Ligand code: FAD
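Given as structure tokens, the chain that follows is alone and in the form predicted alone.
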Amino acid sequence: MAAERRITLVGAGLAGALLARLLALRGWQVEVYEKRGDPRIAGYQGGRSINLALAERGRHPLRLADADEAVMAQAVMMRGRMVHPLHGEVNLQRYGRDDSEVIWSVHRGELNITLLDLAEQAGARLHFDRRLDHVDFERRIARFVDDRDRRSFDVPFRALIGSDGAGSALRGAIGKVLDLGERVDFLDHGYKELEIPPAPDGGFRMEPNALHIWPRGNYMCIALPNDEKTFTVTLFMPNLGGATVQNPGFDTIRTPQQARAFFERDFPDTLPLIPELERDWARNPASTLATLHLERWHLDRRALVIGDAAHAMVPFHGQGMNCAFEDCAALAAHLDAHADLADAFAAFEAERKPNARAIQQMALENYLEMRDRVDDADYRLQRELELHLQQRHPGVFVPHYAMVSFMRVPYSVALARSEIQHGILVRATRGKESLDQVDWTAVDADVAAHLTPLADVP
């Protein structure tokens, strides 16, 4: 039986480390191969470092892995969006009803190191500086290369699981023997990261318990807090700008001096907060954003991809990590439930693929909301009504954000109900300026006609 419960993971990022711990705790012999060096020795060398928003559906798998306490020790609570309009007062738009409904900012590098330590403590064996170079699926031999000296290592495997991110080498290897139906949709917007350092007294320079957002129509800045009292600032903007300064793009703002002029015009209140703006602009390249779609996630019982390797998404709903963690918990459960790996992989894919597609769609939609709508009067009125309907119809009218971030109902269910509820909100507020003008009898009837009680996943 011990020989049968062997699994080889490719990629020791967030999903790989968590899955390694979950499986090791269940008695699996887990080998993990990672192309980068050990971040606990060499320092974190991840790719993009956009801070991560940890929600309830991400915390649940951490609890299953007995990892939640260690992770939460480094997390910073975010109560809602702190909106910074170009003109007008800064205002907090809460995510939920109170501090029981919040999300948490976590640093990708610190989180990865914590999960690696926990995976190793559970018995998983970690191998760093091992880049997947080739897979012989017939002989079940994976070749890894150490790029420091070009040595190669042939590793026999029973099954490979690719937790190696959007540029997955294992997905590429599977694609050579099976048409995965792969499609990548690049967003015509990219991002660049900047940093707000601690204040001179060592504290935060602005409200720490919020996700700060500067919406500007076709582009925006966001800032997430870190436990070392910094903020990671991310500018999202079109890759190609227009002919006028009112339509900026990364191609039109090339130099640090142009960046300063741009921030002076569109984000003036950030300038005192980002003293190294020009240095950060020159040092940090603009990066691309894309959504990965696959029709197939596994090769019979021999290989499977999870997380970003299967369904990379744009970061605007803060759910990429949460979705990947849900993948880990779901896969561990299916491996427990099915003796044949092919059955386990197929059941996992059938469960997770429609949910991945749903959150990919919601992530794209949320970008439009964050950069353009959060400062609109009609949006604020609909949001106000949404919270009132949550009180009037508890367990029936559940706000979109609550379903995604504070519950574990399947993403596909959250998407379907959100579309129905959006219609209710639009009909109830059309032509209205305040809730005093809402026809409550009509809106209550609309809710009753279109929604049934919603049960969370136990």
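All values reported here derive from a predicted model rather than from experimental measurement. The first residue of the sequence shown is number 1, and the count goes up from there.
The same protein has a further form, the form predicted in complex with this ligand, not shown here; the description that follows concerns it.
In the predicted bound form, at least one heavy atom of N322 sits within 4.5 Å of this ligand. Although the partner is absent here, E326 sits far enough away that none of its heavy atoms falls within 4.5 Å of this ligand in the predicted bound form. Contact between F267 and this ligand in the predicted bound form is not found at the 4.5 Å heavy atom cutoff. A residue is said to contact a partner when one of its heavy atoms sits within 4.5 Å of a partner heavy atom; L132 meets this definition for this ligand in the predicted bound form. Residues of just one listed stretch (151 to 159, 179 to 187, 195 to 203, 123 to 131) have heavy atoms within 4.5 Å of this ligand in the predicted bound form: 123 to 131. For the marked spot (A12, Y33 and A169), a heavy atom within 4.5 Å of this ligand in the predicted bound form is present in each of the three residues. Among A65, M403, A53, L425, the residue placing a heavy atom within 4.5 Å of this ligand in the predicted bound form is A53. If you take 155 to 172 and check each residue for a heavy atom within 4.5 Å of this ligand in the predicted bound form, you get S163, D164, G165, A169, in sequence order.
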